[in-house]
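Below sits a lone chain in structure tokens, taken as the form predicted alone.
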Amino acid sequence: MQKKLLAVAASAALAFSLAACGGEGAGPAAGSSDDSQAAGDVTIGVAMPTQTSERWIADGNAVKEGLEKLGYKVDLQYANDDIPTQTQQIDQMITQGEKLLVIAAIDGTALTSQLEAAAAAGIKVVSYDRLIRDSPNVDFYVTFDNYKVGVAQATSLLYGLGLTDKAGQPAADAPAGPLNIELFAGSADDNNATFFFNGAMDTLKPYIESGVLVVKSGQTDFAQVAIMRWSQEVAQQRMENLLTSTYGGNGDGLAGVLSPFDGISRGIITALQGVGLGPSWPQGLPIVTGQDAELASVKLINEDIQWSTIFKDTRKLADQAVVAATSYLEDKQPTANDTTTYDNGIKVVPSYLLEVDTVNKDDIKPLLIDSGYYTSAQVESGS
């Protein structure tokens, strides 16, 4: 009876939470909230990769708050982008008897033994935004449509270059080219990075093959352009090297840069500013894309320095993680909206995918400020 009352309580609170967000969940339940306090006997482990990105701080806090509202205890851990730290944290969560794990992996291939131990202990695992690979013990995956993220980034680059409109339709007065661009990709140990890159390259490929776009450095393979750990400093160094080797040291002729993440974008922009490129420069600052709508980059977009970012509303992603977790704790199966795309090398992991939005300067107010994600003061200050 106690277990039944717990399930009823958690379901009602969750249904109320999701109704407030106005979206469908990955498997909601129904009931009354009278006994939600009993959930305090259950601890859920939440493993996040790093606190060096404001995005992951927001994700961790949102998941924690969502679960705590339902009465659960939450063990939230950040691993500072250190794989041994994250494996130790997850080992400890399992040893302490935590009932479910929500994991955003640093390296999606490094947790096989931890997931084996979790499965042996009857602990369900929800992979959060980054797919955990090479394990049969990943129970569910919540993420954004990562291929479409890449498509959106490339479409934004094309729009910034005047080749298409914002929706990706060919522009009537599009330049004939050639326009020189360079490509950046995310960390090779993050499964999402290849989805982003493939979506972007499939979108850019017709323009590259026709000669309208030219990757002047010749570096078009994922392995050549990937930035380990999504490092801003590594991205800046690579851009500086490209400017020296390919653009005469001053960026002459560089029209745009495909960047998959705002931190990488800021590294690229720092390198470009280092050779004097900026909004007042005659050729302008090259079009630079991004992702995650980090405040520092939103400020740059507002100042006409960075061109765009992809907004992934972490509030919605956290809601889906909470729904999936609660479903498992009620001995139910979360509802997936994708059961074919995310093969982790051992199994196709049932997934719930969310849509994303592209943010240019004129989208900051409606998408980020009016929705309550940021305040005007935060956008203005960048912090």
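Each residue number is its position in the shown sequence, starting from 1. Note that the structure is predicted; figures quoted are calculated from it, not measured.
The same protein also has a form predicted in complex with a small molecule, omitted here; what follows describes it.
Proximity of residue 139 to the small molecule in the predicted complex: non-hydrogen atoms within 4.5 Å are absent; the residue sits far from the partner. By the criterion of a heavy atom within 4.5 Å, residue 196 is counted among the residues contacting the small molecule in the predicted complex. Although the partner is absent here, residue 56 lies within 4.5 Å of the small molecule in the predicted complex, judged by heavy atoms.
Although the partner is absent here, residue 238 lies well away from the small molecule in the predicted complex, with no heavy atom inside 4.5 Å. 312 is the sole member of 312, 133, 266, 124 with a non-hydrogen atom lying within 4.5 angstroms of the small molecule in the predicted complex.
For the options 182, 145, 292, 107, the residue carrying a heavy atom within 4.5 angstroms of the small molecule in the predicted complex is 292. Residues of just one listed stretch (157-165, 187-195, 248-256, 89-97) have heavy atoms within 4.5 Å of the small molecule in the predicted complex: 187-195.
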